[in-house]
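Presented as structure tokens, the chain that follows is alone, the form predicted on its own.
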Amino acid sequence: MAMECITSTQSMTQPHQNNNKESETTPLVFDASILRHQHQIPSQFIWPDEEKPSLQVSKLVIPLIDLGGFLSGDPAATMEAVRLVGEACKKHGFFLVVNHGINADLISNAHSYMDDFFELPLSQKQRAQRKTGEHCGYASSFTGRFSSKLPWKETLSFQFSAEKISPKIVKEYLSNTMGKEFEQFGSIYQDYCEAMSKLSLGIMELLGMSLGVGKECFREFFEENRSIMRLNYYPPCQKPDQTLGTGPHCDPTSLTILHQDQVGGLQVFVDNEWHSITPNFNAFVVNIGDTFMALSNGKYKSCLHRAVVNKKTTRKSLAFFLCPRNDKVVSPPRGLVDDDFSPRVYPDFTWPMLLEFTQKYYRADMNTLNAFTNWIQQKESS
């Protein structure tokens, strides 16, 4: 579910600019077709001992939130969903939803079409190569951005817009980037993003009700969202105890809706320990990100999570990162702010400001929002 990530336990007042420099030497090339078979993995992918994954962790048992009654307008079912969402977001910012109304064939197609791209030779995938400082395109690990603690994965990211002026932005981007043979590929992910946008607005209604500001408050804020879709492809690794598919982090975006395949690998940090999340094809994994944590004035928590890899099987996941329209100011509703009992925790900002911070100055981790807050305050005082 990640943007780029790294673990840090120290309080940070300055962005890690040194972590974001491209290597002065030729960057390592992550060619999954070769590296997936190597028993000696490159040192850049080996994580420090204190951060290496434990592949034997307990499973997290959490209630599935049934959206069926909410979507059909049942008041009692809606209030139960509101209660469960509120409890989860106060504790760890993570929950699963079922009976969500998303067509199962669309989900299956979105998973299967990933192979059409990621099983291409590296040189062909690089037609969509992500450019330095940008967040869309193909990335083979992030070898061009970072020189250590690299994630064992490939990604393809693209922009989605719910604005009427950009009705087919996903389809056009993918077919223009990869060629006409990818028009159907683009159509699948255009439809998938539209479905995720609709689902996310429904979840925003539940979040608004659970925070006591009404169901329309956050729905309206995100109605014309300008979000990010990411296809995650985790190839097998012969040393899965040495590396991570995605390091521990909280997403800097507002809300993440993830669908994982049946392989498994997602872990969340709850009650001071890591827990695995059993894959459920009928469920979406939903987690709060830093931007919504700021919108809630810190009442709801960003979810700390990571992904592990395995020796034998490629793991795939679909991540939709809900983000507000670029000109929307991230500021909590008045009902969530009280000078005496609940003062403002974070300054106002726009999503492009936080995105720029994570792309150019700071490698997103569990402390991104605090580091970003300090960065803004230092800029304003200088």
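Every value quoted in this text rests on a predicted model; they were computed, and no experiment measured them. Quick note: we count residues from 1 along the sequence shown, nothing fancier.
Heads up, the form predicted together with a small molecule isn't pictured, but that's what we're talking about next.
Contact with the small molecule in the model of the complex, judged by any heavy atom within 4.5 Å, is made by just one of H249, H92, K125, H100: H249. Between the options R145, R226, K149, K301, the residue in contact with the small molecule in the model of the complex by a heavy atom within 4.5 angstroms is R145. Of the candidate stretches 334-342, 349-357, 37-45, 60-68, only 349-357 has residues with heavy atoms within 4.5 Å of the small molecule in the model of the complex. The shortest heavy atom separation between H111 and the small molecule in the model of the complex exceeds 4.5 Å. A residue is said to contact a partner when one of its heavy atoms sits within 4.5 Å of a partner heavy atom; F30 fails this definition for the small molecule in the model of the complex, lying far away.
At the 4.5 Å threshold, heavy atoms of K171 stay clear of the small molecule in the model of the complex, well away from it. The closest non-hydrogen atom of R130 lies within 4.5 Å of the small molecule in the model of the complex.
Contact annotation for the candidate site: K153, T253 and Y362 all lie close to the small molecule in the model of the complex (heavy atom within 4.5 Å).
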